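In structure tokens, the next block holds one chain alone, the form predicted alone.
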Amino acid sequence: MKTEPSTYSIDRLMAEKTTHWEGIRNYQARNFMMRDMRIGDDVIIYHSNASPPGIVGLAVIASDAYPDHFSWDDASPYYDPKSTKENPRWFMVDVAFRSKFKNMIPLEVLKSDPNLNDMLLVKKGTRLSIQPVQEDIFDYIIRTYQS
């Protein structure tokens, strides 16, 4: 899960313990969240639009997907007049803090590691805020960069 640290940082998640992950407005990212995320799944937290961008910690999925009520609030930046309570278009999940990495793993390090070539994050043109990570890649990242 990508977030801009100026919008919602790993430090804020650590302080708040749990949050709803709202504002997903890309159908493919929404579908990854709704189809693939299950309560108890580990999540990599990635700071995008940072200097440098990189993986900063872990969270865990704390709820099933449910309608993103911000899409119904015309004062919200996530408002979508085509999304209604009767026919919600956008969804969110709750995430809970798991851990903050002692050292951030910069994107350039991830890109230079040939063992991560299949990770969507390092592929050119992949900018989704929610992306699946294969279990073997997840385990490799933890084992290699956080042990």
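Numbers follow the displayed sequence, beginning with 1. Worth saying up front: this structure is predicted, and the values here are computed from it rather than measured.
Beyond what is shown, the protein has a form predicted together with the DNA; the following relates to that form.
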Contact segment among 112-120, 27-35, 92-100, 65-73, judged by heavy atoms lying within 4.5 Å of the DNA in the predicted bound form: 27-35
The DNA contact at His20 in the predicted bound form, heavy atom, 4.5 Å: no
4.5 Å heavy atom contact, Lys85 to the DNA in the predicted bound form: no
Leu107 within 4.5 Å of the DNA in the predicted bound form, heavy atoms: yes
Contact label in the predicted bound form: Arg12 to the DNA, heavy atom within 4.5 Å: no
